[in-house]
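One chain is shown next in structure tokens, namely the form predicted alone.
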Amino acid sequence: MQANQPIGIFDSGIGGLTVANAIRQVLPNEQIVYFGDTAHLPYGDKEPYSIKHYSTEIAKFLLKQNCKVIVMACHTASSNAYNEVLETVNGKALVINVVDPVINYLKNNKNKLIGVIGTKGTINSGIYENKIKEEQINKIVKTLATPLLCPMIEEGFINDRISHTVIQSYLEDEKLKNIDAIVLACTHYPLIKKEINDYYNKHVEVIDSSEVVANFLKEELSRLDLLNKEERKVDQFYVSDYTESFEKSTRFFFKESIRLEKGSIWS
């Protein structure tokens, strides 16, 4: 691994672009190679064996792009396929998932009752409860699957009457009663962070996993002396299935217009 190699990031679609954008903010010198598996989105309702297969094939693709890091910018993939991706990469790149940095953040967090919202795939995996228990962190975790949020965001329903209604319906659930903090355990959810903050009126800490992951990655690259000090090369964005409307919708996520290329993940 060399410092001037790019950072690879993947997700089932464009939600991971929130992570890419957060990484761009804290690591402006780093080149990004992004892969959105749009042919198979969403991962949230897929069987674990399918998620593992897609994730390992994307990891191979990103290795071919000479990436020094592979960021699994999808909670469902991180919850179900991290070990398989780690084995596939086999030390050729650093592998970062979006769950462990959040767990690391919670270790030093004063809040005790933590809510977690995410896709069915993430919540059903039990990853957050299991990790908290393994790390012996003194927290109580309450999880809730919120499957309508991803398609709602993908369709552009953000900060309007529809999104307010759906978000309120989920956050009023008994499982999230009296929480001190809430983890946005899906990379789509930072786009509705403001609405969630407004609902809680600053009485609950809203933990944005994209920001946590970006800061964690910066610390890791610094520790390993892999921060790029050269001029940043042009970022690259790939999708497994291209549509013009999908390219336009990336502006929601990456805060700027980008050009998507079609990339094959099949060996």
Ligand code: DGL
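Each residue number is its position in the shown sequence, starting from 1. Here the structure is a predicted model, which is why all the values come from computation and not from measurement.
Although not depicted, the form predicted in complex with the named molecule is the subject of the following passage.
Colleague: Would you classify residue 85 as touching the named molecule in the predicted bound form, given a 4.5 Å non-hydrogen atom cut-off?
Modeller: The answer is no: residue 85 has no heavy atom within 4.5 Å of the named molecule.
Colleague: Spell out, yes or no, whether the shortest heavy atom distance between residue 146 and the named molecule in the predicted bound form is within 4.5 Å.
Modeller: Judged by the heavy-atom cut-off of 4.5 Å, residue 146 is well away from the named molecule in the predicted bound form.
Colleague: Does the 4.5 Å heavy atom contact test between residue 150 and the named molecule in the predicted bound form come out positive?
Modeller: Yes, residue 150 sits close enough to the named molecule in the predicted bound form that at least one of its heavy atoms falls within 4.5 Å.
Colleague: Verify the contact flag for residue 186: yes if a non-hydrogen atom of it lies within 4.5 Å of a non-hydrogen atom of the named molecule in the predicted bound form, no if not.
Modeller: Yes - in the predicted bound form, heavy atoms of residue 186 and the named molecule come within 4.5 Å of each other.
Colleague: Of the listed stretches (36 to 44, 199 to 207, 62 to 70, 218 to 226), which one has a non-hydrogen atom within 4.5 Å of the named molecule in the predicted bound form?
Modeller: Among the candidates, contact is made by 36 to 44.
Colleague: Should the three residues 55, 58 and 240 be counted as contacting the named molecule in the predicted bound form, with contact defined as a heavy atom within 4.5 Å for each?
Modeller: Checked in the predicted bound form: no contact with the named molecule for any of the three.
Colleague: Using the arrangement in the predicted bound form, list in sequence order the residues of 78 to 99 with any heavy atom within 4.5 angstroms of the named molecule.
Modeller: Contacts from 78 to 99: none.
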